[in-house]
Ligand SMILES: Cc1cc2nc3c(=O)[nH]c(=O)nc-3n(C[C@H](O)[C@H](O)[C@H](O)COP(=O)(O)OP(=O)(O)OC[C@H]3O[C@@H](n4cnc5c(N)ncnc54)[C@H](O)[C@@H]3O)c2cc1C
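A single chain, nothing else alongside it, follows as structure tokens in the form predicted on its own.
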């Protein structure tokens, strides 16, 4: 993982990585260490994918703030991401903050940031609290996650937490996060979430310690791009790949909107439906597997405010009338000085990729969502909002549906030289940057290793032959 990129040899194999998000950039970085040439192809005008940055214009001052398009934090337990930050020289710029968690339930705000606050949580009886606590503790001890794939998440939570805690807490949270797709989601989903948070608390002396790089993901992405270019990676943005197919005699042809390119190997890091469309020569089984991956999408509003709304990093919501999954107060972690002195709040709503919410206008959502905030928090006024912008992404997280791992498309496709290395391969976690970049490590150590060894053997044989001719 910390291996220094190998200097390129004459006629080094040429790999393309399709998709310039954190997974694609990390995969390109790791391929460089194997001594191959790499070209990174990104459809958007900028790198980053779900971690990309955008600007918010303060309507009062006219100043612009550039920050993450979606909310991201680093946990102390995110060891792979922290190792990458160390490698690219940003570890010293991490800022760690102890955070608090809120719950909006029964029309009231409640703090759930300590054991005492949990025990005093009014919506649950003492027995319901005990069973809820034991469910979370028990899940943190489960090692064999694969058996949970066979159990619907609702059935598993209802069994272990009891009807009361399930209907008051778990069911509203599942619906807020997954919509009706919770019915086909496996218990591995909640196991992964609980384990990540438990690991974070173990790493942080039982405190909720979250962190971010000063400057946010804009700075991280700029630094990653700089490191890639320094190591010889060619980065092409605004280069959507329309098709890829094996070339007779070896290699892969990649077609973009404007060019036809040839590579020795190609690794797609894009969502599975995009891979299915671009690689038309996949087997019928692979096409079915890629198209069968169900994705959760997101509509997420970024708000700049004159003042904060609450003291909680995340407010979980159990009241069904609220049209939001949660409220994320980013400036409980990020220094407001980095945001022009303003508070930054994200309003996410996760929905299936085909949900009608994606078709609703910004004006409609702005009116509805700000009205909900004003009802939740009477002290909040939409007059405090100095910028509001909406992001819509249909393919964010591959849903861990029942028996998901058995239906997952393989990384090594049936098309010679083409690999599918995307976040759908996350089996033991939920979507976050740490889990995503670990997919790159798994690919390098697994399916890509054989192709890299074969190419390295071929180069070594050619070098020996040239040396023999020279003598």
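Keep in mind the model is a prediction, meaning the values are calculated, not measured. Numbering follows the first chain given and starts at 1.
Omitted here: the form predicted together with the named molecule. The next part is about that form.
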For this session: Let me know the one among 427, 412, 402, 431 whose heavy atoms come within 4.5 Å of the named molecule in the model of the complex, would you?
Result: 431
Problem set entry | Contacting member of 350, 312, 103, 166, with respect to the named molecule in the model of the complex [4.5 Å, heavy atom] | 350
Problem set entry | Contact check for 270, 396 and 423 against the named molecule in the model of the complex, heavy atom at 4.5 Å | yes
Exercise. If you check in the model of the complex, is residue 263 within 4.5 Å of the named molecule, heavy atoms only?
Worked result: no
Exercise. Does residue 196 make contact with the named molecule in the model of the complex, using a 4.5 Å heavy atom cut-off?
Worked result: yes
Exercise. According to a 4.5 angstroms non-hydrogen atom cut-off, is residue 22 in contact with the named molecule in the model of the complex?
Worked result: yes
For this session: Tell me, yes or no, whether residue 239 is in contact with the named molecule in the model of the complex, where a contact means a heavy atom of each within 4.5 Å.
Result: yes
Exercise. Taking the partner as it appears in the model of the complex, which of 404-412, 27-35, 433-441, 55-63 has residues with heavy atoms within 4.5 Å of the named molecule?
Worked result: 433-441
Problem set entry | Neighbours of the named molecule in the model of the complex among 46-71 [non-hydrogen atom within 4.5 angstroms] | 48, 49, 50, 51, 70, 71
